[in-house]
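The chain that follows stands alone, in the form predicted alone, written as structure tokens.
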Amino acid sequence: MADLVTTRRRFLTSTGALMAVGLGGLTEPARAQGVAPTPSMRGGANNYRPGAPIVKRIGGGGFWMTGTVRRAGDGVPLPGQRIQIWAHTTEGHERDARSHGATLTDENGEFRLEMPQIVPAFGQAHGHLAYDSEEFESVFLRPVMRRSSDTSLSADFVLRPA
């Protein structure tokens, strides 16, 4: 019985103290934690070529590299951002200039670039993507495909201002 009284007294005391100081954070509106920037991936910069040209398509096409680009913190889509793409494909190695190209994001921060089918290199079918302009910090990605028969690969960037 003494434990019940002590527990009840402790509850009433702590509830009264909470009411006296207000509910603090419970009455404040929820605040977004922000969108974290994308870290560069190991191996993402392999065979990178600074200044690869903006192209409508790499090679004969048939495979789509897609994604989005947003600003860290608020997640706002970033139009007009340059994304370089390269890979080991049915038409060339990732070190070949003809296997590289760049594209710009649209008004929604989205990009799409058609390229030849990606094929495995070093045991994995993977692409390379880079954001390398001056407005934001550089990010290099190396996403791996689930299956080498996939005909598209998507990668998203969240960029931190430089």
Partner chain sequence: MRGIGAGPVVKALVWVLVTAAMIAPVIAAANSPLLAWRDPIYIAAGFAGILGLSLMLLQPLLAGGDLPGLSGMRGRRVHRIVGGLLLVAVIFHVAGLWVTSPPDVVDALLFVSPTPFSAWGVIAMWAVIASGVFAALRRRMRVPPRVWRRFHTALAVVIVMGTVVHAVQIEGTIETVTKLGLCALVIAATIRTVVKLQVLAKRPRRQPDA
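Positions refer to the first chain, counted from 1. Everything quoted here is computed from the prediction, not taken from an experiment.
There is another form of this protein, the form predicted in complex with the partner chain, and it is not shown here; the text below is about that form.
Partner contacts here mean any heavy atom within 4.5 Å of the partner chain in the predicted bound form, and among 100-108, 132-140, 63-71, 41-49 they occur only in 41-49. Although the partner is absent from this view, residue 114 stays clear of the partner chain in the predicted bound form, with no non-hydrogen atom inside 4.5 angstroms. Under a 4.5 angstroms non-hydrogen atom cutoff, the partner chain in the predicted bound form has residue 88 among its neighbouring residues. Using a 4.5 angstroms threshold between heavy atoms, residue 54 stays clear of the partner chain in the predicted bound form. In the predicted bound form, at least one heavy atom of residue 121 sits within 4.5 Å of the partner chain.
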